[in-house]
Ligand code: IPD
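Okay, here we've got a single chain as C-alpha cells, the form predicted on its own, with questions on binding and movement later.
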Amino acid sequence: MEEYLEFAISIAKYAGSKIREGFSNELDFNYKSDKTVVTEIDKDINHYLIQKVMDKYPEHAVIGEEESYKTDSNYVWVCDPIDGTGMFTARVPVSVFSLAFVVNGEVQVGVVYDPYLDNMYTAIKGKGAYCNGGKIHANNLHLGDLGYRLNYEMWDKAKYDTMTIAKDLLSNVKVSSIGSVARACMAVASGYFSCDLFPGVAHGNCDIAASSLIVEEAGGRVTDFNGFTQRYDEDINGAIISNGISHDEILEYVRKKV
C-alpha cells in the first residue's frame, strides 16, 4: 500500500499547486444542476488523476466528483478534486483535495491535502493517521464537555436535515459549518473538532472516502446515518464522523430525525 500512498500524495501535490494558483487569480466557474459551484480547476484535477491512473494502473477505476473512468473495477480511486468549491470561489481558504484508494468497497489508503497550510493528511489501513509525517489522534471529549465542537454540512434538497439535528445539540456542543466536510473531518482526526454531520448521498463517497479512513485510523468512528458501515465505491447514506467516544449519543439524535 505504500506505493499507492506515494501515488496519491503525488496527485495531491499537483492538485494543491492548482488550487493555490486558482485562489490567487480570477476563476472560471459555473453552476451544476444541483446549484453547487464547479470550476475549471476541479475539472482539471479530476482529469489529471484519470490520466495518471490510466498510465500507471490501467486496470483500476476512478470515481470522481466531476469525471469517472472504468467504474466496473474492484480497485477504485475515489476523488473530490476540491472539497469546498463554494468557499474556494468565495476566497475563503478552507477547501482541500481528497483522494482514496478503495478495494472491494473498503478504503485502504486515504490522502487529504490542505494546500493553504501545506498540511498533508495520510493513512494506510491499520497503520495510523498522520499529518506531515506526525501521528494525529481524535480527542477524548464526551458530548457536553467543554470544547466539544460539531461541524455540519447542509444544502438545498439534501436528503437529511442536519441543520435541525445540530440545533437540537446546541445545548451540548459548539456548532460550526465551515464549508468543507473533508477539512472538518481532518479537524476531527486531529482532535480540534469532535464530530461532523454529513448528509451526502449521491457522490457522497467522493467527499468522505479518504476522510473516513484517516478519522478511523486516528481513533475515531465513521458510520452512515443508521449507524452502519458502508462501501465507498458507491453512493453513501450520509455520514456521522466522530471521535468515537460520542458517536452513539450523536447517532441517537440523528435517528430521531431520519
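Bear in mind that the values here come from a model prediction, so they are computed numbers and not experimental data. Note that residue numbering follows the sequence shown and begins at 1.
This next part talks about the form predicted together with the ligand, which is not shown.
- Only one of 69-77, 153-161, 134-142, 101-109 lies within 4.5 Å of the ligand in the predicted complex by heavy atoms, and it is 153-161.
- With a 4.5 Å cutoff on heavy atoms, T122 does not count as touching the ligand in the predicted complex; it lies far away.
- Contact between G147 and the ligand in the predicted complex is not found at the 4.5 Å heavy atom cutoff.
- At a distance threshold of 4.5 angstroms between non-hydrogen atoms, I82 is in contact with the ligand in the predicted complex.
- Interface membership of A129, defined by any non-hydrogen atom within 4.5 Å of the ligand in the predicted complex, is ruled out.
- Counting a residue when any of its non-hydrogen atoms is within 4.5 Å of the ligand in the predicted complex, the hits in 161-198 run G179, S180, V181, F198.
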